[in-house]
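The chain below stands alone and is given as structure tokens, in the form predicted on its own.
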């Protein structure tokens, strides 16, 4: 049983994130990994991103194995964009063989999206995140997606993404419900910068579906470290940063410190409203992750 699955619902969960290197040189990656290792008593898992924004990086599976071998519990991100159902299941078997249990199922950004460095790459999308969750749940029962037996069952603890700032919100609510119906174990949200956004989403979810989703959600937090980051994040669909929050960063004598203070305040609010925990995305600033962990 993974540390994340064993403790989920029993304590306030905190997860982090790391990006694999863009090339085979591991010096910078290993340095970041050494810093994260110091936090593992307080972290319950570390997301390993899978070619986010269609930007080429080392495979999430390879980087997750490196984390596992360094006693850092990975949350292996797996996107449907690049692999058909055979390749997805083959990678999952590989992950299970190396003792990787936490998997975040994602559909993935299209290769033609604005951030892509391979816009001509052919997308696959043989499965989507919901059918990938179904595949993992079948593997946990000792079968592949077609129903044929594996030589051993897997033990995946399966997560999915949630975008509380999506508009209209009804579509995101029904997508979340479909993922719950096929057995997803937890959600990690897109970066949230206004606590009222997640509260409004949860209230609407409860009215439409008649269920409380709070105990399944890890809220994504990004410590804002300068106003350029604020402006960039505002271009991403579903991300809302108010003028008040933006101006706090813009006018701060030390924007990094102010960003950490803002994120720490959000963590307190998230605890108050009874959510499962937070997912901290340091956006390349490991020192911000270190500081936030100290606040817990």
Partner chain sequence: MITLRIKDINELKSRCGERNLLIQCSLCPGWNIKQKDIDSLANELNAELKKIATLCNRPKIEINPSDYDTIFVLACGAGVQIVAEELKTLVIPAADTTGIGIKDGEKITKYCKACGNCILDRTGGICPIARCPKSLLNGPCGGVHNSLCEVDDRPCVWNLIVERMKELGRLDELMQPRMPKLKR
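Residue numbers count along the first chain shown, from 1. The model shown is predicted, which means the values in this text are computed figures rather than measured ones.
Not pictured, yet referred to below: the form predicted in complex with the partner chain.
Here the marked residues 19, 265 and 270 all miss the partner chain in the predicted bound form; none has a heavy atom within 4.5 angstroms. Using a 4.5 angstroms limit between non-hydrogen atoms, residue 98 is distant from the partner chain in the predicted bound form. The shortest heavy atom separation between residue 209 and the partner chain in the predicted bound form is within 4.5 Å. For the chain shown alone, residue 153 is not a contact residue for the partner chain in the predicted bound form, no non-hydrogen atom being within 4.5 angstroms. The partner chain in the predicted bound form comes within 4.5 Å of no heavy atom belonging to residue 215. With the partner omitted here, the residue from 134, 191, 72, 121 that has a non-hydrogen atom within 4.5 angstroms of the partner chain in the predicted bound form is 134. For the residues 117, 126, 149, 226, the 4.5 Å heavy atom test against the partner chain in the predicted bound form is passed only by 126. Heavy atoms within 4.5 Å of the partner chain in the predicted bound form are found in exactly one of 179-187, 192-200, 215-223, 90-98, that being 179-187.
Along 57-95, a single residue, 85, places a heavy atom within 4.5 Å of the partner chain in the predicted bound form.
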